Structures are given as structure tokens and as C-alpha cells.
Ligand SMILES: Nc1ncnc2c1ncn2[C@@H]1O[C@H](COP(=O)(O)OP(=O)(O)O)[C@@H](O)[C@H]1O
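What follows is one chain in C-alpha cells, specifically the form predicted on its own.
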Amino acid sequence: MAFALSPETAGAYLADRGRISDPSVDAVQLGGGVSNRVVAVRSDEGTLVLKQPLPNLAVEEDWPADVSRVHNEAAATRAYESILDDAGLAATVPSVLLEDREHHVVGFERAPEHSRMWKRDLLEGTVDRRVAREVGRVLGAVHREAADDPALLAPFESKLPFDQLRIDPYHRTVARRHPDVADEVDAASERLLASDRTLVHGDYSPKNVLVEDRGTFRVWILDFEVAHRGDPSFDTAFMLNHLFIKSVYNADRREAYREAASAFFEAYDDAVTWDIETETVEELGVLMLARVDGKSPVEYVERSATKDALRRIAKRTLLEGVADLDAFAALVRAESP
């Protein structure tokens, strides 16, 4: 990519494309995780967020990924928007305002500046079950509606973003590093790659949920670059994994995180017509191990005792065939330091 998005280049970029009249804008870098350049732009014409993917993710290990994933994200954002517009939920997504296939840049509506990242609330010990329930309802509604809509699913047949951003750095990496559970991890990978049930978000986590609660309560769902047609249990496990990891990390609020996990999954389960609890727990075991020993470990877990506890929970889940969330929660409780 010849053009590199930054706060310094964003104004001229938008002016050259006729999106704004004056390239002198207020532009700031936002946290793009490890995979994107993200810049918020304020001009006389309004505000938007520009996003451009990195060809190699910003982690210690080599992690290449196809930059076309940003267009997959634009398509998935539109798909989510089409479902949520009619779902009657307290939820939305940022509308796609610009899509540039030459430079692989997408522009999104910016969420209200007073909205908060749910991950920050959770790490601070603020655990709102209302948010957990709503994100469960949202995921359930999208999974249910997309499963019955072949036209909506058609753009998401490729699993390349999922393979590059999840299966390889998470599943294959931990299978190599933990040969004692490699067979179980490989079986989970095969199941995920073979499924085509519904539209899977692929990064359904608290960092991609913004909470707006000044007056009207609403959640914003973000970051769809890993979206694909696949197995819904990946999304449920991905969200639950973050909640259970925090229950081990922040022992003082342990029960609150577990209650949020239950609220999330019960809301999801009420919204869909299938039972994926067993598959969700299996994937939880893989993902928990991956967030300790994969290519993208959880950045806030630093204590050896916490990492060891997460490894024990993950491996016992996989090797002992834990099949329901109550049993998994009991295991978390028993193995937590």
C-alpha cells in the first residue's frame, strides 16, 4: 500500500476524494488494536473514523494478513446494520460512509464521544449485566436472521480472514506449543472450518462493544474484519472467554463476571433455535489457552500464577470433555488462584 493513513495524511486524503472541502482537519490516532491504522477526523462537514489494515500485525511474532479484510469488514457492517435496523434492540453499528478499494481504506460513522469501551469498564471492575444481556441478544438476533438468508451470507463464503487472524495464530499456534492437547485443538479447528451455519463476527469481544448510557441506553458493535460464514459457537466462546479470563484476573469481582457471562449466554440462547453450549465450551478451552500462549496473548494478564491457572482451566476443559457452562464455571472457580 503506497498510501499510509495517519493523522497527518487524513485531511489531504479526504480532500483529494471530495469528501471535505478543506484539508485542515482535526485528526487523531485511535487505538486500532494490533491490526489497523485508525484515525478519527473532525471537519466542517462532520466526523468520521478512517480505518486501514496493516499487512503484518503489530505483535512480536510474524503475523501477515490480507489487507482486503477491511472490505470484508465493510460488507459485514452493512449486513449487521440491515438486521439490527429491524430487530428492536438497544444496539447499532457505525454506518459505512466511505470505501476505497485502491488504498484499502474504509470510513465509518463515529460513535458518540461519551460512549465507553466495555472492556475498560470490565477491567475497572464495573460489570453491568444489562450490557452483557444486550450483546447476547444482538449476537443471537444476527446469528438467527443470517442463518436463514443465503443472499446476506453470500459475500462471506471465504474463511481467509478467519484462518489468518484466528485459526493460525490461535489454534494452530497453541496446538504446536501444547502437543498434549493438540488433537483436541485440531478437532475444534476442523469443526470451525467445516461449518457454514451463519454469519460469524469473529472478534465479538468487550473491546469491540461501546456503551452509550447518557439518557438512552445503547450498545455499539464494532470491528467486523474477521467476519465469515461459519460456526456460531466461535462468537459465543470468544465473548465468554474474555469474561472468564477477567474473573480469574480480578478475583475481587469474580462472581460479577460469571454472572455477566451467564446473562450473555442465556440471552443468546433465548434468541436462537439451536443448542451450541457443548461446542461453545470446547472452543472456550481452546481460546483460553490461546490468549495465554498464542500469537496475541491478553495484554493485562502478567502474573505467572494467573497464566498458569488459565492454562490449567483450558487443558482440563479439553481433556476432561467439559460440556456445559455450569461445569466450566465450577472449574474456573476451582482452579483460580
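Start at 1 and count along the sequence shown; that's the residue number. The structure displayed is predicted, hence computed values, not measured ones.
This next part talks about the form predicted in complex with the named molecule, which is not shown.
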Query raised in the report: in the predicted complex, do Val38, Ala111 and Leu210 all reach within 4.5 Å of the named molecule through at least one heavy atom apiece?
Result: yes
Query raised in the report: Out of 218 to 226, 241 to 249, 177 to 185, 76 to 84, where are the residues with a heavy atom within 4.5 Å of the named molecule in the predicted complex?
Result: 218 to 226
Query raised in the report: Should Arg291 be classed as touching the named molecule in the predicted complex when contacts are defined as heavy atoms within 4.5 Å?
Result: no
Requested in this report: Tell me, yes or no, whether Ala305 is in contact with the named molecule in the predicted complex, where a contact means a heavy atom of each within 4.5 Å.
Outcome: no
Query raised in the report: Would Pro94 count as touching the named molecule in the predicted complex under a 4.5 Å heavy atom rule?
Result: yes
Query raised in the report: Taking 4.5 angstroms as the cut-off for heavy atoms, does Ala147 touch the named molecule in the predicted complex?
Result: no
Query raised in the report: Though the named molecule is not shown, can you say which of Ala27, Val298, Val49, Val272 has a heavy atom within 4.5 Å of it in the predicted complex?
Result: Val49
**Report entry** Among the candidates Leu153, Leu98, Ala263, Met117, the residue which, in the predicted complex, approaches the named molecule to within 4.5 Å (heavy atoms)
**Finding:** Met117
Query raised in the report: Out of 247 to 277, which residues reach within 4.5 Å of the named molecule in the predicted complex, heavy atoms considered?
Result: none
